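A single chain, nothing else alongside it, follows as structure tokens in the form predicted on its own.
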Amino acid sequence: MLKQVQHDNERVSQMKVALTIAGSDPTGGAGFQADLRTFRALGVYGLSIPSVLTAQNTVGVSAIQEIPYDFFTAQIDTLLKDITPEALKTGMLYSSGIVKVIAEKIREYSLRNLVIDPVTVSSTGVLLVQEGALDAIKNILFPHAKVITPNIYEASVLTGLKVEDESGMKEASVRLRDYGVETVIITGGHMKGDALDLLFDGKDFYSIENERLEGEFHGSGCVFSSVITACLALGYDVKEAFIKAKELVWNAMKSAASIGGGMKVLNF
């Protein structure tokens, strides 16, 4: 019994920790709830700080509620004075003020392995950022990022390019990396044909292509970036994390469940 206790204590002491700063999704299919579910599935302990609240279901988003900057800052300071994550990710960042606070705290607490999912609109087309927020993400937060994971629509908005195929993904990747990002991963699930995702590390392009799955899926981008984050916390390199994320998300989409009247949620 004593040996078992010692073994359990050793496992706990070796537990890796990841932080998500993202919007709240009451369905659990996206937002920080989906991030925590992903971290747990990969054996990583998850911390969470909500950046904004939403009223939504599987059909769509009906309302957005900002969190006051002073309370948001208090959440970060209180948590990070006690716990330092091995990796962190950001999801829905509704305002430029929230972006500035995050960048400041990344410097203050010397946080590493930042993954940015630059959320712009919901799966149902609702705008999820205020005016100026995307510019703040690009200019203030991207220089801290180890990885960013825009889909082709987000890559188009961020670069001003019309990203519709692999060639466009490559051009957008190069342009996005100029903002100081270490690695750009663009997901092409919304393109015609097979689902192609592309990684660019400043030297080489690496792509993975899977069969396209029919249906509407909620939170695939959140889960994808969360897998990347958890893998970085576990010590994977970015390419390994990319491969793992592509595999887990595709399998989770294949077994996705309809829990409401709208989009399916990923099952993993």
Ligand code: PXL
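Since this is a predicted model, take the numbers as computed values, not measurements. The numbering used is simple: start at 1 and walk along the sequence shown.
One more form of this protein should be noted, the form predicted in complex with the named molecule, which is absent from this view; the next part is about it.
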Could you tell me if L128 has a non-hydrogen atom within 4.5 Å of the named molecule in the predicted bound form? yes
Is the gap between S122 and the named molecule in the predicted bound form 4.5 Å or less for some heavy atom pair? yes
Residue-level contact is defined here as any heavy atom of the residue lying within 4.5 Å of the named molecule in the predicted bound form; does M92 satisfy this criterion? yes
At the 4.5 Å heavy atom threshold, is A30 in contact with the named molecule in the predicted bound form? yes
Only one of 230 to 238, 214 to 222, 196 to 204, 37 to 45 sits within 4.5 Å of the named molecule in the predicted bound form by heavy atom distance, namely 214 to 222
If you look in the predicted bound form, which residues in 19 to 41 sit within 4.5 Å of the named molecule (heavy atoms)? G23, S24, D25, A30, G31
